[in-house]
Ligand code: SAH
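In structure tokens, the next block holds one chain alone, the form predicted alone.
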Amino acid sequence: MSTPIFNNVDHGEIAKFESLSSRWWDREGEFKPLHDINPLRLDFIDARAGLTGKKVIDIGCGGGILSEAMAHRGAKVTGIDLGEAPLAVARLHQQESGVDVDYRNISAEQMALEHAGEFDIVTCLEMLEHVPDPEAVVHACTKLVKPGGHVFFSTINRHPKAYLLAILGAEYVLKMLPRGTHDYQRFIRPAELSRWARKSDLTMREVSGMTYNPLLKRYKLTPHDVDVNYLMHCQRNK
């Protein structure tokens, strides 16, 4: 974890999502996959940690798709992101939906310095593969959550199948995502993520894949297939 906390950002990655921010809530646009998998992610989190009445921080919240959904389930949600444009979209949509989410433009590492041990649940979904030092973010997540609290990650496995499906398939063939959304070298194997979690005083409780059926145009949780997208549930040691 050698990256200084103020430098653990890839400005090119931020720019990608800034340029698309106005279409974040377009359910048929570039962020359609996020809208499609959000119910799966939300139910996975709620079933394992119970969102109602919990204090939650959503790291890399973007336009607020997951943040709003968790607030709808009764959580007190803080959403953080380093992109100003996605946060502006999140705040605008919040005015339309009436959902109470506290959005902040701050890094996970800085937030951990200011609010260590304050949250019951930490979510960091589809974000680790976009930063230079993902292990530092995992460590920040551990610092943010209370002892015994829950941390949820989702990312993409660095596996040949992921290259075929998440990049060639999703970006070039099916055109579900803009070209260049993902960099294969930044994908993270489950063994790597679980190792970082252990080093940061987290216990890995469960890992589940998410697979896409292009014929049915549907996603589902697949506990035994983590070759491409996967969710990981961890808990901070007491």
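Keep in mind the model is a prediction, meaning the values are calculated, not measured. Residue numbers run from 1 along the displayed sequence.
Below: the form predicted together with this ligand, not depicted.
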Contact check for I167, S194 and V228 against this ligand in the predicted bound form, heavy atom at 4.5 Å
no
Is there any non-hydrogen atom of V131 lying within 4.5 Å of this ligand in the predicted bound form?
yes
Partner proximity in the predicted bound form: K54 to this ligand, non-hydrogen atom cutoff 4.5 Å
no
Taking 4.5 angstroms as the cut-off for heavy atoms, does L42 touch this ligand in the predicted bound form?
no
I'd like to know whether M70 contacts this ligand in the predicted bound form, with contact meaning heavy atoms within 4.5 angstroms.
no
Of the residues A112, L125, I156, V101, which one places a heavy atom within 4.5 Å of this ligand in the predicted bound form?
L125
Checking V89, A136, A162, L82 against this ligand in the predicted bound form, the residue with a non-hydrogen atom inside 4.5 angstroms turns out to be L82
Here the chain appears without its partner; judged in the predicted bound form, the stretch of 74-82, 91-99, 113-121, 142-150 with heavy atoms within 4.5 Å of this ligand is 74-82
